[in-house]
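Shown here is one chain on its own, the form predicted alone, set out as structure tokens.
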């Protein structure tokens, strides 16, 4: 489910969802604001997938949550 394979299309993978979420994190924003921004996208579908995509970004160290604000990690 995380990575696409012969049974899971890229559009259904969590990796693709993480990329979409990352693309929508343009400024410092809360999780609720990000959810409101992407909830209508067909790739997101529901809050469970949204949270899995965010988890992947946190695990990979691409985003951080500080004082309730999601930020891209600058490297």
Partner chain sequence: MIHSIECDNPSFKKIVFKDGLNVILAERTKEATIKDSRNGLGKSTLIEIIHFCLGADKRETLKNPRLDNWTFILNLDLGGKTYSISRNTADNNKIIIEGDCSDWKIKPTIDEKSRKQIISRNDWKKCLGILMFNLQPIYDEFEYVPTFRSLISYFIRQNGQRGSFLTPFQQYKSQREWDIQINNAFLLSLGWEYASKLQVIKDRVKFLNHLKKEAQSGLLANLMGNIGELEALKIRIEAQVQDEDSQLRSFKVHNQYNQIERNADNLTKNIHELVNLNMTDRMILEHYEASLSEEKDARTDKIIKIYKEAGLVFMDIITKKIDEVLDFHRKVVANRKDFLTNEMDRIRGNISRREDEIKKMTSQRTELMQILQSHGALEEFNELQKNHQNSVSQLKDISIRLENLKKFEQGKSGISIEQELLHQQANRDLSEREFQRRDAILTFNENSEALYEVPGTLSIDFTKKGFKFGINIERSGSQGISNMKIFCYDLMLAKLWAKRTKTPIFLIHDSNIFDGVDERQRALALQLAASESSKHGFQYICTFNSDMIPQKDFRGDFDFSSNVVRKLTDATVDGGLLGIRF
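Not measured: the values here are computed from a predicted model. Positions refer to the first chain, counted from 1.
Missing here is the form predicted in complex with the partner chain; even so, the following discussion is about that form.
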Residue 26: touches the partner chain in the predicted bound form, heavy atom cutoff 4.5 angstroms: no
Contact flag, residue 10 vs the partner chain in the predicted bound form, heavy atom cut 4.5 Å: no
In the predicted bound form, is there a heavy atom of the partner chain that lies within 4.5 Å of any heavy atom of residue 63, even though the partner is absent here? yes
Answer for residue 31 alone: is it within 4.5 Å of the partner chain in the predicted bound form, judged on heavy atom distances? yes
Residues of stretch 39 to 70 in contact with the partner chain in the predicted bound form (4.5 Å, non-hydrogen atom): 39, 47, 48, 51, 52, 54, 55, 56, 58, 59, 60, 61, 63, 64, 65, 68, 70
